[in-house]
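Take a look at this single chain in structure tokens; it is the form predicted on its own.
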């Protein structure tokens, strides 16, 4: 589908909607480019299938569609070249909820858990709220590219007695799509020091056309030490439906997770919440490819216009760009500067890690017109600062 045709058909003007993203923007008189959801309505066939379910009026206890697992497995085989087995798959009511359940069930109180910063804040919050210890290994940065610091990781594995590594793949907010060699080197360290890997892969379908996603579970050598969190919530903007998969090949880990779910009555999937994922995996591939093209175009437009003035990450996956306002920042926080000077609402860099006060996270899953408005406002700030 051509980008122009897609935008005409699927872009939603949410400026007066109850969307969390836009309601806050409206309140602050800002263009909202913060919280991670899209400004695109779902594929019309998905909408029709959901309408038909509602119209039937049968709201009693309901099973998942009989072919649900096969549809899920086939999608990830085709898109991400990884094979899952049905008995590996468990359900939670969202990715953050999956983190909580995995940390609680697969580690012990006061265990050390590593994260690689800057990172989506719920990773650290989950570890702390579960009564575990946070061990940070900052990512190395050079020329818009963040990579693992393997020496630091190994040192802290040795000295901090780390029990789990929480991986974000693709990375939020950096938009990194980890290469196979990067993951193999990381997972080999995890194997050597008996560290479990919990891989959040909810952005794994939002991959730029020049990149390939490598699922943690595609590295078969390390499957028994690895757990993946997988959802369609970012792929198809389904945040209102709380539905997520936790994929656990290792039987010992899976049994611990199942026991925790049974003890806490969290094991069952809500069949209605699962339907949008199911229908999107059936009908949504062309829609998703069009969305990825829109995001890619938005990124290149922004980079072309602003790249000579400020550093930004190289967007490989997700629709989240990490941008450094640097010397143009007129406030303590760059996010405050964008609100006050540009009327743009973005996520503050300091919420992802210490030392990132000049950075912001921008959401590019919107119309090119909105991206152009944001770019024009930032260019105006740059011109003002240069005077």
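Numbering follows the first chain given and starts at 1. Quantities reported herein were computed from a predicted structural model and do not represent experimental measurements.
The form predicted together with a small molecule exists for this protein as well; it is not shown, and the discussion that follows is about that form.
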| query | finding |
| --- | --- |
| Site test, 168, 172 and 203 vs the small molecule in the model of the complex, non-hydrogen atom cutoff 4.5 Å | yes |
| Any non-hydrogen atom of residue 99 within 4.5 angstroms of the small molecule in the model of the complex | yes |
| 4.5 Å heavy atom contact, residue 233 to the small molecule in the model of the complex | yes |
| is_contact(residue 95, the small molecule) in the model of the complex, heavy atom dist at most 4.5 Å | yes |
| Heavy atom of residue 120 within 4.5 Å of the small molecule in the model of the complex | yes |
| Heavy atom contact within 4.5 Å of the small molecule in the model of the complex, the stretch among 283 to 291, 104 to 112, 120 to 128, 80 to 88 | 120 to 128 |
| Contact residue in the model of the complex, from 323, 36, 342, 46 (heavy atom within 4.5 Å of the small molecule) | 36 |
